Every structure is written in structure tokens, then in C-alpha cells.
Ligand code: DGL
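Next up is one chain by itself, shown in C-alpha cells, the form predicted on its own.
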């Protein structure tokens, strides 16, 4: 089934939390987890070589998610966070059915919180095509009031720019303007960031949309859900002893290093996976 040999072990409180994303974007989720759960060690996989997942088929995304899951389990991870909207919406159901003894935490666009906040009844969502076209995304929309209009925008090209380290570039700003200004004309007052890469673009996005549009992402909500799952499974680590964070990237690690800001307890390595 998988790409790595996984031998089930009795999980301990001190075992690390595993995270994976189609690149460096999921580090925005990792930062929220690290702040909320400082006693937890983590292992993060940046699958930059295969980014963006949003342009791949559902089966490709499932296969890549299996590969990442097997690698994290081989390193003893006690719970796995899909720090990627596209992987969550396309693969988490399969992973939960296949790896029944491992808790999985997923991420999906925060449409429900936006629906509670909107006054104009117009919500914008910026996401990858893989997320916008997924079955889980459509199921989420079904639970939103019919009085609310969702304005979807495929953020094609943004992940590639972020992965290349061009977060503050004129090219990135121009592409964001192209995507966001039409939604502003439709009177949105909430903008859902439906990709874990996009929080790194918040300064540019705020310049474009102004103060009247609330930006909503899933980072803190995911961290809180992870804490609940750890407590439920009796896996939360109560002791801040030998906490370590390991990051692996199968492409250039320079951008990852800039975003994570390595310290003594953080290790960043290139790894072919």
C-alpha cells in the first residue's frame, strides 16, 4: 500500500506530531500549533517537489498523501495533520479508513466562521482548484445559508510564487489584485484563505482589500482541534523536555529556512521522498 515500511508501535506522549503539505505553506499551521502546544515535538514534510497539489488528480493527491503518511508513521508520529486544504478535501476520508489506529486532523476552508461574520451576505474564497472542485468542499457549501453568496476564485500561480520565495514580489501583488478586485466589486466583507500558503500573503491582501474585509484562515482552529484530539486519545505531552522540531523538504530548503527561522531546537534538512 505505502512507500515506507510502518511497524505499529505503542504511541507515547512524547512521540512527535506529524504534518505534511504540498510545500512550505503548511508552516503557517505549524506556527499556530507550536504556539498553542509548546510541549509537543513535530515532524514536518514539505512536499515541494510535487507542489501544487491543487492541479493534480484526486488519485494523485491520495497517492502522495499515502506516501507522506507512511514516512511520518515510520518516524513514530502519534497523530498526523494534513496541513493542506487540497490534501484534506481529497484524501482524508481514505486515510482515516486505511490507517484506523492513527488520528488525522484535516483542514478545510473556514466558510462556516465567515458565514457567521458576514453582514453583506457575500463571502469570497481564494483557494486552489483542487480544493474548490472537491466533494468535501461542496458538502461544506450545502450547510451554508442560501441567503449567502459564495464567490470562488482559483488562486492559480500563487503557490508557485510562494514556493519560489517571491512572497513580496510585484508579480505576486499583481496576481492577487487580479483575483481579489472582482470579488470586492461583488461586495464581499469576508475573504476565506482556502490554502495554507496564503496566510503568508496577508500583508499584500490587506493592501488590496482594505480594512472593511475580514480575512479568515483555519490555522488557530486546526491547532485547537489538534489539542482536543490529543486529549481525547490521551496523547498530549505535559512536559517540556527534549522538544524538537524536524523539517524535511524534497526541494530547495532555502525558502523553508526563511519562513521557519531556525533556532537551536529546529532542524531543517533536504530529504528525497
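Note that the structure is predicted; figures quoted are calculated from it, not measured. Positions refer to the first chain, counted from 1.
Omitted from view is the form predicted together with the named molecule, to which the following refers.
Mapping the unseen interface onto this chain, residue 159 counts among the residues with a heavy atom inside 4.5 Å of the named molecule in the predicted complex. Not displayed here, the named molecule is kept clear of residue 91 by more than 4.5 Å at the level of heavy atoms in the predicted complex. Within this chain, residue 247 is remote from the site of the named molecule in the predicted complex, having no heavy atom within 4.5 Å. Looking at residue 81, you'd find every heavy atom of it more than 4.5 angstroms from the named molecule in the predicted complex.
Heavy atoms within 4.5 Å of the named molecule in the predicted complex map, among the stretches 47-55, 31-39, 204-212, 223-231, onto 47-55 alone. Residues of 126-164 lying near the named molecule in the predicted complex, listed in sequence order, are 128, 131, 159, the criterion being any heavy atom within 4.5 Å.
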